[in-house]
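Okay, here we've got a single chain as structure tokens, the form predicted alone, with questions on binding and movement later.
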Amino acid sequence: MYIYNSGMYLKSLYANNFRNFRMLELELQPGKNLILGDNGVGKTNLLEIVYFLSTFGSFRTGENVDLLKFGEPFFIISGVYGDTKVKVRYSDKKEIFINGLKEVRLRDSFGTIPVVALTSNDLEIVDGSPSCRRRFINMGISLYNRTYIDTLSWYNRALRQRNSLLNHAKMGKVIKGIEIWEEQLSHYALPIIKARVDYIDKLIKHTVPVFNTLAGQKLELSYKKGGNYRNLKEQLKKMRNKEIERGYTLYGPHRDEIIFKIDGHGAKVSASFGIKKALTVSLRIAQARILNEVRKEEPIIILDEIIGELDRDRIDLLSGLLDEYEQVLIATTREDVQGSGDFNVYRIEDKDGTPVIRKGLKEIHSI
């Protein structure tokens, strides 16, 4: 069960052998924190630590080994959020510790530190495949509903089993027990779709006004279901021969989709880069507002180079939207952002291959 708190923020970070950080010990402040520096000095790596402490994954790579400092066999990262310390150790596997106690399952601690990340990769929510949009939904729900994580895991297990049988049947092999997996898929689909429909309703409520503020255009957001969820079992049985021809399951929550329309036109095809960027920013702000609404706790907002992709007017508008959050971390090369509001300014510089972090003129990390 989540422990909800108000007025919480990330007080400190520690890292050992993570990316280009041999050793990092950093105290953080509430409010808007600006992390300035040239490309390649470690700004994104710093934000990646924060995100990893929330989701136990990276927003840049699916391979944990990529996060190891070159030549090192392990990394350790930790952060203190309010009175809660989250620690992750990785060598050949991930180990999670909450206040010193080792967690048996990673998903039981998922989102202990609530974080919403705005990154350049977010453009995939609009331009990418439907799986990118499903992942956006799944991550958003999972940050406040761990039962959803379990249900989705059980659904995916049943899906893998049924797909395996369908593929065997496609190759002419005799299969048995496919009805068992169809029963399970139908059973788990119902709570998944219920949670998703509820989330989409919340997403529409919060995304539309934010997008209107940033872009001044009309946004329509709808949810396209990938099956008949009143009786998915019967649908799967009826279409089984067709699915055997394909070798995989064609109906179910794993085929769901989000449709974005701007001024009546499909966003993926018709919207400009700037409008798509405004849409992805709006979706992330909405995600943060949903977390605040449901968890009664403001998430930490991290922005990786998003500021550099927006014009001056949208930077000012976004800066105003970010004022409502307890803690915001913004990585950018743009010095002029400081004129958009009050910031705690950190600078990262490269010193003989080692990242050096300064707050103001004071050096606070040089190991």
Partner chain sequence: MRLTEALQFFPGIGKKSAERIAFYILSNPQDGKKIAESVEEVLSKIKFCNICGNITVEDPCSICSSHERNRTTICVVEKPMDVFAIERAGIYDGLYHVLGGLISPLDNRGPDEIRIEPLILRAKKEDLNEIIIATNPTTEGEATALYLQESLKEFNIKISRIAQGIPVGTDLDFADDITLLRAMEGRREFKD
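Source: prediction; values computed, not measured. Residue numbers count along the first chain shown, from 1.
Below: the form predicted in complex with its partner chain, not depicted.
Three-residue candidate spot Gln161, His168 and Gln184; every residue lies within 4.5 angstroms of its partner chain in the model of the complex by at least one non-hydrogen atom. Although the partner is absent here, Gly177 lies within 4.5 Å of its partner chain in the model of the complex, judged by heavy atoms. In the model of the complex, its partner chain lies farther than 4.5 Å from every heavy atom of Phe110. When contacts are judged by a 4.5 Å heavy atom cut-off, Glu257 does not count as touching its partner chain in the model of the complex.
Looking at Tyr144, you'd find every heavy atom of it more than 4.5 angstroms from its partner chain in the model of the complex.
For its partner chain in the model of the complex, the listed stretch (110-118, 152-160, 190-198, 215-223) containing residues with heavy atoms inside 4.5 Å is 152-160. In terms of contact with its partner chain in the model of the complex, the residue from Lys238, Lys268, Arg105, Arg230 that brings a heavy atom within 4.5 Å is Arg105.
Proximity to its partner chain in the model of the complex, defined as a heavy atom within 4.5 Å, holds among Arg135, Lys94, Lys173, Lys205 only for Lys173.
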